[in-house]
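Shown next as structure tokens: one chain only, the form predicted on its own.
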């Protein structure tokens, strides 16, 4: 694996094949979820590129940015055990110097201002901006994103449409721990007891899928899940059910349950396909 701190150095490297890149953007503190993205990428290209860049602009709370786990040396060791061919750890000034910003007037607010967007104003616009910049610089053939961040995946797919990028977005399944908690870099900030308590997110999603199968309507399901949280130590931020265009079938529709809750100072999100 070759490691670069500069996009210019990466692109000028003779071993960098520009027209067949499988790109996995991350903010580091890599876990099994990230490793699964790399494993998926192996099915598409031998030229797997991982980026590690903590994008300050997408953090609404400066303390969240400051506390975000940074474990570059550990991340490098984990990547060496995979088939990742290139790692880029770029600097903000270079990113801005060699790319153009996303036009805020194009923001798809019907996607960015729902769910997490209600509670994190500007977050998804800044996600679109940094991914837009990376796509300009690298022009990958494929880009891999986890379904755990389903709203982010929806936003990136909209970016592809808006800018007409010839990039195939590959959605990858959510990876969970033994208790069903979706893998996230922030999970390491939870105590063992908090991790156990946080399994209620997965339990709630699974219950909503079961209830839908029993012909409960969406409002009934939402009321039942909200009621369950009244006895939980977690603070439910939202639980919503949305009918969305299928991320795998252009002509299909899928019903997803989305959930967000706070466990102490840690904000957790998850989602599940509950019906078609």
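It should be emphasised that the depicted structure is a prediction, and the values quoted were computed from it without experimental measurement. Numbering follows the first chain given and starts at 1.
Below: the form predicted together with pantoate, not depicted.
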Does residue 47 reach pantoate in the model of the complex if we count a contact as any heavy atom within 4.5 Å?
-> no
Counting only non-hydrogen atoms and a 4.5 angstroms cut-off, does residue 234 reach pantoate in the model of the complex?
-> no
Decide whether residue 86 counts as a contact residue for pantoate in the model of the complex under a heavy atom distance cut-off of 4.5 Å.
-> no
Hey, in the model of the complex, is residue 174 touching pantoate, heavy atoms inside 4.5 Å?
-> no
Go through 142, 135, 145, 202 and name the one with a heavy atom inside 4.5 Å of pantoate in the model of the complex.
-> 145
Tell me, which of 197, 107, 75, 149 has a heavy atom within 4.5 angstroms of pantoate in the model of the complex?
-> 149
Among 164-172, 202-210, 123-131, 99-107, mark the stretch whose residues have heavy atoms within 4.5 Å of pantoate in the model of the complex.
-> 123-131
For the stretch 66-97, which residues lie within 4.5 Å of pantoate in the model of the complex by non-hydrogen atom distance?
-> none
